[in-house]
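Only one chain comes next, encoded as structure tokens, the form predicted on its own.
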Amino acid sequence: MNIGQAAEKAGISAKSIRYYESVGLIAQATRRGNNYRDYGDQEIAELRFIHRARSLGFSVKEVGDLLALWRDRKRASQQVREVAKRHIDDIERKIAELQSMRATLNTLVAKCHGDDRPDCPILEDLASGKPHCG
């Protein structure tokens, strides 16, 4: 099937497929006589795998690692688990960072009068360049 059909079956865009090929997540598709890419069931399965992993926030590098493990039928599930656990740790760190940002912004918004006066604690804080603890 061509790239458009493969994209539709995998639930992603043709542009994403080209990107995944360019970064080596999937092999370059074979070409037909008309120079169109040709994808089969295995490539669709890999594209769906990539799409699902990316939807869970795995980086392209992590997806590559997971794909390699998926393709290796002799792998130990412990290896897969470790990749997922590291990803959970990254998510937890990002959540903490986002909560801190929210707290800081809530504090700054509470300090802002939000009226016709030009003084603005939000802009003053941004101009200071100093981190603010929420």
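Basically, rigid core = biggest C-alpha set you can superpose within 1.5 Å across the two forms. Everything numeric here is computed off the predicted structure, so don't read it as measured data. Quick note: we count residues from 1 along the sequence shown, nothing fancier.
Not on display, but discussed next: the form predicted in complex with a further copy of the same chain.
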{"property": "One residue of Q28, Q99, Q42, S59 in contact with a further copy of the same chain, assessed in the predicted complex (non-hydrogen atom, 4.5 angstroms)", "result": "Q99"}
{"property": "Distance check, G24 to a further copy of the same chain in the predicted complex, heavy atom within 4.5 Å", "result": "no"}
{"property": "Heavy atom of Y36 within 4.5 Å of a further copy of the same chain in the predicted complex", "result": "no"}
{"property": "R75, heavy atom within 4.5 angstroms of a further copy of the same chain in the predicted complex", "result": "yes"}
{"property": "Any non-hydrogen atom of C112 within 4.5 angstroms of a further copy of the same chain in the predicted complex", "result": "yes"}
{"property": "Neighbours of a further copy of the same chain in the predicted complex among 78-106 [non-hydrogen atom within 4.5 angstroms]", "result": "Q78, V80, R81, A84, K85, H87, I88, I91, E92, K94, I95, L98, Q99, M101, R102, T104, L105, N106"}
{"property": "Core-superposed comparison between this form and the one not shown, A14 Cα displacement 2 Å or beyond", "result": "no"}
